[in-house]
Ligand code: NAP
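Just one chain follows, in the form predicted on its own, and it is written as structure tokens.
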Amino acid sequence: MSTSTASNKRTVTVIPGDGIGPECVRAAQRILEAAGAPIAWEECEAGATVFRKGIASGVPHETIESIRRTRVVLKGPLETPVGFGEKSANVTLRKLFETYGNIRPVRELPGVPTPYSGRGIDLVVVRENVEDLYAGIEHMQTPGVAQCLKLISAKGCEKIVRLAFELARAEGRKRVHCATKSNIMKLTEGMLKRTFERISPEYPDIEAQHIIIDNCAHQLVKRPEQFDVIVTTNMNGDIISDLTSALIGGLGFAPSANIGNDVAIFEAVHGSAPKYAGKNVINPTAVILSAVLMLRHLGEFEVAAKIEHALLVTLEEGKVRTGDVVGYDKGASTTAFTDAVIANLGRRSERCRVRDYKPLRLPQVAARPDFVRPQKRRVIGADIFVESPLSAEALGQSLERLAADSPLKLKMISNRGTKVYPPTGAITDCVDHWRCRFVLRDGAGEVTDAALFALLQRVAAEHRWMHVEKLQEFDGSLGFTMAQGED
């Protein structure tokens, strides 16, 4: 809950953002004020201006403290250097305040012609928002091989799956699809699938279906009206939510909410579009709709519906349309579009439905770090990652010799996920990054740290290693996957 002022207004942190951000945010603020929304703004900064001050996170201490107080943020898009240097300030804000759920609704809008007009698209992508590849844990393993860790947690899956079902209930929706790549990434993406299948029986009023993410993308283009809510992992959600926004007219119409149990951040899906900055030509609809999501989060359902109706009336009358719809040479200005929405406050759309929203019940999940507690566990081997210019056969023979009197033996070597030693007869173009899998010789007992350290010292005497992963077993189930071609 955000703080309140003496006049009983909710204090909200507003970050105008970069590029077109300030124009869009000001448009939303004007509309909220005209609609009588009980909001008091506390303006802060993040993004490009902060990077230029030498703050590597792009988020200054003052902004963090404001968000701690208000708990609610309306934010414009932020610029982030691409391919080097600083982290994304957008991602930093989401992660600092554990806004674990990214909610991205899209619906067919009147007066916005698309190839899908008349199909009745009305769906929400619920994207896990703080882990997966977006944890941003990367290393150069060798001079020519980079690694990014895909971290998926049981706790993160629990929260995002429950959020998706609770959202469906709050919005009167009847179906939730879980979209994963669990056919390939059986432990990470598979964890979301298994969590979804475990939790879905708790929501018997909602139809639950699993779908492979590439088929989901295919079906979104082929028959998008079949979807109601889609819950998915961070990277998948980032991609398909941009796809869904294209179905209804583009990023200019795509709002989003970053939801956490303590803080919520509302922003458009689109970027800062610096080439349009300051030209008063941009479509502010996505930020306006993000502000509507914010009002519902704050329990201001009536004023949220009032603004949504005014926006729908403006679009369906088609008298004032922005350049992304009709072309920038003849589109209405940002200011003119905002004025039109304000003029339509109090009117109701006769053609478009505004849902009867209920408060969203946020999932309550145990906070303890050891969210999963197995009854039995043991270490049965280790993968030692080695950098070497040798051939697979030469490296394998060397490692077998080095482990000759160790309790661990070399089982196999893989290169980019494919087994290359012992040879299989396959043709593999190898790089200098080798996963060398060692297991207990007799298969019984457990690998001790002392035995692993001793083996590692022997390997290090002749080879350069960069990474070690213990091969673990939890309650009798293997905690690792096999290489392609490994028995």
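Bear in mind that the values here come from a model prediction, so they are computed numbers and not experimental data. Residue positions are given as counts along the sequence shown, with the first one as 1.
Heads up, the form predicted in complex with the named molecule isn't pictured, but that's what we're talking about next.
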For the chain shown here without its partner, which stretch in 401-409, 221-229, 300-308, 87-95 has non-hydrogen atoms within 4.5 angstroms of the named molecule in the predicted bound form? 87-95
Report yes if any heavy atom of residue 20 sits within 4.5 Å of a heavy atom of the named molecule in the predicted bound form; otherwise report no. yes
Considering non-hydrogen atoms and a 4.5 Å limit, does the named molecule approach residue 328 in the predicted bound form? yes
The named molecule contact in the predicted bound form: residue 282, any heavy atom under 4.5 Å: yes
Using the partner position in the predicted bound form, report whether residue 159 sits within 4.5 Å of the named molecule, counting heavy atoms only. no
Under a 4.5 angstroms heavy atom criterion, identify the one residue in 112, 360, 251, 382 near the named molecule in the predicted bound form. 251
Of these, 200, 415, 272, 388, which has a heavy atom no more than 4.5 Å from the named molecule in the predicted bound form? 272
